[in-house]
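Only one chain is given next, in structure tokens, and it is the form predicted alone.
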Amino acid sequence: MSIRVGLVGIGFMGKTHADIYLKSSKAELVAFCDSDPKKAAGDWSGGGGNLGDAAGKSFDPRKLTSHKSPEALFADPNVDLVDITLPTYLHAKYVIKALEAGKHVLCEKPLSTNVKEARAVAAAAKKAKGKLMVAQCMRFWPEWEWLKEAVKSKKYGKVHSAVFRRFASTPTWTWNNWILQAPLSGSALFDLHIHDTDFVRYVFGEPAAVFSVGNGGKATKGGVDHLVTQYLYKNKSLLVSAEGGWNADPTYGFTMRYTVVFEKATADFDIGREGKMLMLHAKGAKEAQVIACRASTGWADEIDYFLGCLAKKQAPKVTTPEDAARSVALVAAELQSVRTRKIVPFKP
């Protein structure tokens, strides 16, 4: 039996998720809710995102049940799973309400920009009847899954250094421009850079401390538009850093990369290198090897994974609510470091 899905928030990620559900044999998209009268009436055109906006164009949203409020959707007995793709500042409030209504919940990252609030949601999830997963999509991206396994298996020896980079043109496509209001989105630090912060934790574990430098003002008044973080581990020979920002000019587009130096090889990923996104430069090899991974995205795979967990009545393990809260806490430590220009210990 398909899992019946209600979608709350029809922005770029909402339409992306809708497109995935429509292609899934495990789910049926049955309802949605959006405060924009145009979208509520079934016109989902417009908008955009870092990786384009093709979703939502191949079906008629007017065939779905349109609810006037999130609470009305939560009360819909025909909805099993609530997918929350609202602006960040609304995540925690509506996740808790959906859980209290007995629904399963998938929530876009980040869970919150407030550590106390994120931990409160994780605590609520422990008591809830339904299951909660936060969409930390890099944990499911095929080339990034490959890296996780390569580090875990030590196939290429231990890691000497890992550098992650995520950089974008200023996002200007959101409803009422909420994303460029630091109190609402947490700026590039919580909206963009958290992808790499979360993945660093996932692969290398909790750092002992962080040292971050950053600036803002060009795109997000009062926020952090661009930063570089050094994650400090007890193992002093392990160098891990991540750079993120969204203050590039409009024609720049989007860059997502990593370079990881192992004892016996160097892995290099670049989303803009079509056909050769993941290259392995192995010690002793005459030329670099193209690593072929399945053609998919982290968005599609995270949703498929969660639907599979629900079908089996299992809680998700790849990413948990507690995990999502700890990633928020680590980003908060980075923000403290940016503001103080000091090394900030991390205690998850």
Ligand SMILES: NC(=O)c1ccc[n+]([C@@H]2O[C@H](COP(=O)([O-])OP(=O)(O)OC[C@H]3O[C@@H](n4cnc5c(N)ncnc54)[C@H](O)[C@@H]3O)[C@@H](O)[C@H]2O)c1
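Quick note: we count residues from 1 along the sequence shown, nothing fancier. Nothing here was measured: the structure is a model prediction, and the numbers come from that model.
Beyond the structure shown, there is the form predicted together with the named molecule, which is absent from this document and is the topic of what follows.
Participant: Give a yes or no on whether every one of Ile10, Gly14 and Thr174 sits within 4.5 angstroms of the named molecule in the predicted bound form by heavy atom.
Facilitator: Yes, because Ile10, Gly14 and Thr174 each have a heavy atom that approaches the named molecule to within 4.5 Å in the predicted bound form.
Participant: So in the predicted bound form, does Asp196 come within 4.5 Å of the named molecule, heavy atom to heavy atom?
Facilitator: Asp196 lies outside the contact set for the named molecule.
Participant: Quick one: does Thr85 come within 4.5 Å of the named molecule in the predicted bound form, counting heavy atoms only?
Facilitator: Taking the distances in the predicted bound form, the answer for Thr85 is yes, it comes within 4.5 Å of the named molecule.
Participant: May I ask you to state whether Trp44 is within 4.5 Å of the named molecule in the predicted bound form, using heavy atom distances?
Facilitator: No, no contact at 4.5 Å.
Participant: Report whether the minimum heavy atom distance between Asp301 and the named molecule in the predicted bound form is within 4.5 Å.
Facilitator: Because no heavy atom of Asp301 falls inside 4.5 Å of the named molecule in the predicted bound form, the answer is no.
Participant: Look at the stretches 105 to 113, 225 to 233, 146 to 154, 204 to 212 and give the one with heavy atoms within 4.5 Å of the named molecule in the predicted bound form.
Facilitator: Stretch with heavy atoms near the partner: 105 to 113.
Participant: Could you spot which one of Val79, Val200, Cys137, Leu278 gets a heavy atom to within 4.5 Å of the named molecule in the predicted bound form?
Facilitator: Checking each option against the named molecule in the predicted bound form, the one that comes within 4.5 Å is Cys137.
Participant: Within 4.5 Å of the named molecule in the predicted bound form, heavy atoms considered, which of Ala124, Val261, Ala75, Leu90?
Facilitator: None of the others qualify; the residue that does is Leu90.
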